[in-house]
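This document starts with one chain, in the form predicted on its own, laid out as structure tokens.
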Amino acid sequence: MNEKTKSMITEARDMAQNRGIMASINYHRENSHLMRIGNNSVSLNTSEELTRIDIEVIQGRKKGTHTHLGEIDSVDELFNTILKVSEKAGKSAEMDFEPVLTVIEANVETEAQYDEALDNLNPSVKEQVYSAIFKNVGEDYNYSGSWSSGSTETFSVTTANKNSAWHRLTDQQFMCVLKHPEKMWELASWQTGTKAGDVTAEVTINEFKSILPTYENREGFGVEPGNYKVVLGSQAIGELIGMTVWIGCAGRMWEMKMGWTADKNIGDNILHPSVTVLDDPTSDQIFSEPLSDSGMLTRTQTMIDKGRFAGLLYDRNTASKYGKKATPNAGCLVMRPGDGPSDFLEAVRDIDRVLYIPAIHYMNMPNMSKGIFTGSSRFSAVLVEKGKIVSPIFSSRITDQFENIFGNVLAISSETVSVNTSNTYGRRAPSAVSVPTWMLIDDVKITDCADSF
């Protein structure tokens, strides 16, 4: 983003300010590249650079919004757009609360997580990593996957004051799936990071090779419906903790009594004492966010403290609607590790039977107010007996409650890892959670099992 564009945005802000218009201007620029793999070859290799300028104008209980796609050519062009949004606000219906204008607490300029090499990563590098995986693990398998990488740059101002916030970072989300052409079982590997060298072929090669003998040489195991001891891997924990916290600790969900904590109060014991979850923008395993949507400098907040309901997160408009104070939300979830060994097999060596489920596929919410979720094992799941991997398991469905999963914890890994939770189908908005590498849980409900992978 050049200084001319910044100057045009701040000048348009000042012009709106002089007119008494309550407005915010948010510039969002992304440089994105996506490579997809299918049938052991590159099936998609695409790049795009997009600029969006989001404008919001507030008039009492009325609000108007508009997104301008593309760069701006002049201050007048941008200011005229603000005037049109102001006109739109004046003709909109009144809301049942007074929307709040973002007030940027301090000037911010940060690019601590920006890496130029990743921003300009040559697609041939991605192809070479995938090719190395195919050749080293075995070209008789079918491979698929995707690798998204790029940068996100934002610049925000409002008419509430003269402050501005500029933030730039890079991110990447890598996945590779290995599928047997006849037996149809699938293994999966995920990687993420903020720098060009964070994703390597070696990591995925080692992961696949460590579990391939089990899948190649052992028959699949059909899990009878019932309650089991289960070890969840980091991908499963990442998705689950995200749903658990955002549904249980979001102020709007709690106020509307829609989430699983609707009948709970701050201080209540809701999960196992070993579970602590923070909204922590200082963690090096998440993608940082310097400002909350209300314009506050983000700060670490505790949401689950040793199993206790510790805090609710309020965005600016939810806070206004319900008469609460906005919180400095970062959206950077960090689940604290435990004291378990790095290898989960060591933790379960005295247990007769355990299911290891590294990821939960197509997770959904049949009942949000009760915290009931469902999803299947699909990738790389195995049966473990006395600390030894015995066989792969057929696709098994978990249907359980957040309170049971995070309430029946037996052990948690002492190591943590970053799990990328970004959505690659909309505008680039990097998201990640920091979670333990594994978690052992008692009495997990397996409600169905297929007779195949």
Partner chain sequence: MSIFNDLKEAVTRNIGRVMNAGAQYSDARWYEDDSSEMLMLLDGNLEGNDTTVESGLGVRVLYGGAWGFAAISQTADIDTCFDRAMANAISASKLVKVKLDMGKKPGHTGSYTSPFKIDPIDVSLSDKVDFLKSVDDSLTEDWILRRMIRVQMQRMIIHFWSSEGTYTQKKLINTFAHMTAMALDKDKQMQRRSKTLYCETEGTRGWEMLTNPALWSGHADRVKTELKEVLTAPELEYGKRSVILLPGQGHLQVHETIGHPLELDRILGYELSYAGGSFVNLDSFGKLKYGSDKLTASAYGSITNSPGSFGFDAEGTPERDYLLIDKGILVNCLTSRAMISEANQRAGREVFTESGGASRSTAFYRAPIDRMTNVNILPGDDGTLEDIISTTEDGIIVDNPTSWSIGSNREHFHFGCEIAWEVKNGRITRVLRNPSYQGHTVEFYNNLTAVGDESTWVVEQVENCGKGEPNQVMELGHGLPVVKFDNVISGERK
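Because the structure is a prediction, the values reported are computed rather than measured. Numbering follows the first chain given and starts at 1.
The same protein also has a form predicted in complex with the partner chain, omitted here; what follows describes it.
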| item | value |
| --- | --- |
| Heavy atom distance at most 4.5 Å to the partner chain in the predicted bound form, all of Gly242, Arg353 and Ser391 | no |
| Contact residue in the predicted bound form, chosen from Lys264, Lys229, His272, Lys321 - any heavy atom within 4.5 Å of the partner chain | Lys321 |
| Thr300, Asn364, Asn206, Asn120 - the one with a heavy atom within 4.5 Å of the partner chain in the predicted bound form | Asn364 |
| Answer range among 150 to 158, 112 to 120, 291 to 299, 125 to 133 for contact with the partner chain, defined in the predicted bound form as heavy atoms within 4.5 Å | 125 to 133 |
| Non-hydrogen atom contact Glu415 with the partner chain in the predicted bound form at 4.5 angstroms | no |
| Heavy atom of Lys306 within 4.5 Å of the partner chain in the predicted bound form | no |
| Interface membership of Glu48, the partner chain in the predicted bound form, 4.5 Å heavy atom rule | yes |
| 4.5 Å heavy atom contact, Asp343 to the partner chain in the predicted bound form | no |
| Contacts with the partner chain in the predicted bound form, stretch 127 to 147 (heavy atom within 4.5 Å) | Glu127, Tyr130, Ser131, Phe134, Glu139, Asn142, Ser144, Gly145, Ser146 |
